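Only one chain comes next, encoded as structure tokens, the form predicted on its own.
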Amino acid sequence: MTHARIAFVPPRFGPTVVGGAEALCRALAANLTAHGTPVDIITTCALDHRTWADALPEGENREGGLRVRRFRVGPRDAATFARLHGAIQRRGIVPFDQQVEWMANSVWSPGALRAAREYDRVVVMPYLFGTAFWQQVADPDRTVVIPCLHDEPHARQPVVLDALCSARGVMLNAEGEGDLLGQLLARHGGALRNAPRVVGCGFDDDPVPSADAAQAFARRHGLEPGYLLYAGRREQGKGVGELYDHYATYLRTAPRPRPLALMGTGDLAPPRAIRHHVVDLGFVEARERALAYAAAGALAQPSRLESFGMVLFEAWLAGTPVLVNEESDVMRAHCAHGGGGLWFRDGATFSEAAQMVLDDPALARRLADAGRHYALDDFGWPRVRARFLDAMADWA
């Protein structure tokens, strides 16, 4: 379908939006468009993933070379959604009528649904929001899903899995996500219309930032190079509370502890016990993000719920090794297959891994080099782009 009209539908979109699915959407759409496969973005006027309040005007704009079409958020009861979302988190699978009510009150947009009818293929992401779910229900033949699955109770709801099974195709970010999908469908007793394809996000072979540039970045933020870095949203769901606990163990046990730098947004503040050792970098513009990684001694990624782990690849491409939560099958598999990092399960193993990497520059270089080779060999843009286009052609 070389000349097919393709739209990507994320629930929110913009340069200040911090989130793996949104970053994946932006990167895929921009690269495909730059290489001759134009992709439009259909999204809501919202930016905040908690309130989903319309923050931007309806209409069409060019953003980063992409045609972006924004539509108002549809009517929903946020309190009902929060109650049911929490009930699923606590209780697992809920009655089917509650599953439907949960999705009925998730973020969605009737304008976006109408606009999607103008396209040959509509690629929705991630699975967890009404913008994806109702597109699958309304027009499954035209819909391809990039679910960004996590091992969480919400992904086990039959209403979610039925929608996935109805879609024309499913694109995955990593082999580990495919393993999870297979387990979910086996329990559910359903099957996809077509075999899923691993596509993932792509990366360019940009040079590693120079030591001088990385040092200058660190100095501007009152840091010495070699700090621990967390990149992403500061939320309990991303494991940041556990990271704070593990870092406290590291501070108590490491002979030469390094500060923890936080890059991204969120309101989960570090506890008093570690506060004086934590530096808030805030939201870092894209042009400086590689410097933040390059100046770090290691990236710490505590989340269990990752379908790809984009920050791992960003760190490797900047010459920095990673430490990941061993309970994330996807990220542990990246490190095991690519050799770019170590994994931890608690405060003691986090402290041990951090000391090994931060206090042994030769080991850190070997890990970072291995991770960079893995990123470019398996997820260089030419290979990712080919996987995407091949899947679209096969599902035509």
Partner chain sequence: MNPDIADSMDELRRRVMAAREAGTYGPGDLRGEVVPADAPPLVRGLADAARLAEVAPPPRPSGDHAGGVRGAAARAKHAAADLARRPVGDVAERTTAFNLALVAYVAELAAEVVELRAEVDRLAAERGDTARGGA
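Computed from a prediction, not measured in an experiment: that's the story for all the values here. Residue numbers count along the first chain shown, from 1.
The form predicted in complex with the partner chain exists for this protein as well; it is not shown, and the discussion that follows is about that form.
- When the partner chain is considered in the model of the complex, only one residue from G339, P38, P361, G64 comes within 4.5 Å through any heavy atom, namely G339.
- When the partner chain is considered in the model of the complex, A29 lies well away from it, no heavy atom lying within 4.5 Å.
- Using a 4.5 Å cutoff between non-hydrogen atoms, T51 does not count as a contact of the partner chain in the model of the complex.
- For the chain shown alone, E327 is a contact residue for the partner chain in the model of the complex, at least one non-hydrogen atom being within 4.5 angstroms.
- At a distance threshold of 4.5 angstroms between non-hydrogen atoms, E58 is out of contact with the partner chain in the model of the complex.
- Site residues V100, S106 and Q157 are none of them in contact with the partner chain in the model of the complex, judged by any heavy atom within 4.5 Å.
- Of the candidate stretches 43 to 51, 29 to 37, 65 to 73, 345 to 353, only 345 to 353 contains residues with a heavy atom within 4.5 Å of the partner chain in the model of the complex.
- With contact defined as any non-hydrogen atom lying within 4.5 angstroms of the partner chain in the model of the complex, the contacting residues in 224 to 258 are T249, R252, T253, given in sequence order.
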